[in-house]
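Only one chain is shown below, in structure tokens, and it's the form predicted on its own.
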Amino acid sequence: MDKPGRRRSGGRSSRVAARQASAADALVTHIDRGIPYFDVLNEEALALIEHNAETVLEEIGIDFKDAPDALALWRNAGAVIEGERVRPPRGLCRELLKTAPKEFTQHARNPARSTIIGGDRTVLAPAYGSPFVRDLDRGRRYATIEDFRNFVKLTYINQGLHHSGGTVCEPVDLPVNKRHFDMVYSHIKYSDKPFMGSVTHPERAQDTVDMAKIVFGDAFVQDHCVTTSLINVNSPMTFDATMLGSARVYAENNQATIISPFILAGAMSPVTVAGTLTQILAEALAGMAYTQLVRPGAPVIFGTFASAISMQSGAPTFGTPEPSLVLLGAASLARRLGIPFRSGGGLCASKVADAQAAYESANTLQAAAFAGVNFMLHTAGWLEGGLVMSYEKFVMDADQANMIAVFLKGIDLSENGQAMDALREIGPGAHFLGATHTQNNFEKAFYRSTMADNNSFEQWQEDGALDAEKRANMRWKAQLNDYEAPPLDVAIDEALLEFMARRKSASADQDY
């Protein structure tokens, strides 16, 4: 259907419709892994780190700040409590985690979009949390709710991203205490993929759950996961009241949380890979076990965000070897626990979508692919250490997401994949362009990048000599121009808007 006020030629409308129909036919909700995991630690090394993490829990402990309810749960479970310090005895956290599911379905409002997190699967989601956005036309600026909606739409359009994500950028034009309504509503309204909830205050987490109940129904939400939300550890070894309160709300309502130590090694953890892995495991064990104290069986994901700092300037660095080793090691530890794992993404420190951004992002994306990450946050759009969500880099990264899917599927060893008929038909000294096998397979034979220019120099020059960032600028604009929202039941939409209006009117605007 044409949008109001816009005229389209019949040919262009037909092409848009064909593309959308093709996208619907090719709907993919996750990647099924077809290649082995890459382990950087052997059994002895993994056991050593697990032993050391238990020592950290038992002897050093984890602070649960301003959370008397959490301390009471830990005390009843047998942990030693000193002030706000929790020291779980060796093995307690692992015992509590026996109730956590090894994998779970996150339901989307469109059942065809529901995904499974865990096992031999990978789910890709966009970047998260940037207060700024950037594009070639307007440069770097504070994000608005319009930008937020745009990135939700772009995530919906790009089939290589299976999950709508959460705070795809921070809409700073809205009051701090109310913007979560518009963000959650945007995920529901402009996409029908699974989404993440608000964690900036326990009440906002509850608002997310209540909005989900309007969409899915109260009973369904209590029995099924419909949100997955990010709970960051205030590393080193501290959980604050905001994160704990939000985690409790989601766990009580049977909704998934990602317990993620947030590490910049050298500042928030030791400077060594093994020391950082030890701390990550201890923090994650404590946080994940807490969700099971709140509600046994609540879905939870072992998360980690690990990078390093420059020992010269103190600035965060990305795409370097040590964080990749941490990521690979943490993935192995998560598999031994039998808990889904989150990490990875297109992380970089570059200020623009340039070669530095590409190299650093590729290093993290590839490490995550080899590691077996189940939920990859920050897959698309990340710039400037996460401060910026880039329109151009988003569509570049979405192209990489499609490539990850092809790579993780592994090698086709079917009769067609073996291609013995082609080898027999052509024989020595000829080419395969005219082979029957080639003719039958050429349309899907190799991945065709949506962003790379593989033309001759002369053709590239004739087409405007555009670099990748300029091509990406054209692509995201074309995608938004062709966007059409998935249908949303009118009664549900009205109920959501009424709920938001009522809740917003209950308090004054706040900018903190």
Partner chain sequence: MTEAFDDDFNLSELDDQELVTQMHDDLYDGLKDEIVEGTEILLDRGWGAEKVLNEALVGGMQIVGVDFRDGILFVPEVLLAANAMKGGMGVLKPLLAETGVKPIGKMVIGTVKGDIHDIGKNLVGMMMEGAGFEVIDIGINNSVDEYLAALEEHQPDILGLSALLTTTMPYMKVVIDELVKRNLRSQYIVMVGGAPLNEEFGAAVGADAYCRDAAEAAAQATRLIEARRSANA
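Positions refer to the first chain, counted from 1. The structure presented is a predicted model; accordingly, all values stated were derived computationally and were not measured.
One more form of this protein should be noted, the form predicted in complex with the partner chain, which is absent from this view; the next part is about it.
Chemist: Please tell me whether any heavy atom belonging to M403 falls inside 4.5 Å of a heavy atom of the partner chain, as the geometry stands in the predicted bound form.
Modeler: Residue-level check for M403: no, no contact with the partner chain.
Chemist: Flag F220 as yes or no: does it have a non-hydrogen atom within 4.5 angstroms of any non-hydrogen atom of the partner chain in the predicted bound form?
Modeler: Residue-level check for F220: no, no contact with the partner chain.
Chemist: Using a 4.5 angstroms cut-off on non-hydrogen atoms, would A362 count as touching the partner chain in the predicted bound form?
Modeler: No, A362 stays farther than 4.5 Å from the partner chain in the predicted bound form.
Chemist: Is there a heavy atom of L293 no more than 4.5 Å from a heavy atom of the partner chain in the predicted bound form?
Modeler: L293: no contact with the partner chain in the predicted bound form.
Chemist: Looking at 403-411, 352-360, 266-274, 285-293, which stretch has residues with any non-hydrogen atom within 4.5 Å of the partner chain in the predicted bound form?
Modeler: Flagged stretch: 266-274.
Chemist: From the list F132, F216, F104, Y190, which entry has a heavy atom within 4.5 Å of the partner chain in the predicted bound form?
Modeler: Residue within 4.5 Å of the partner: F132.
Chemist: Which one of L387, I116, V80, A72 is close to the partner chain in the predicted bound form, taking close to mean a heavy atom within 4.5 Å?
Modeler: Of L387, I116, V80, A72, the residue with a heavy atom within 4.5 Å of the partner chain in the predicted bound form is L387.
Chemist: Sequence order please: the residues of 314-348 with a heavy atom within 4.5 Å of the partner chain in the predicted bound form.
Modeler: Sequence-ordered list has one entry, G314.
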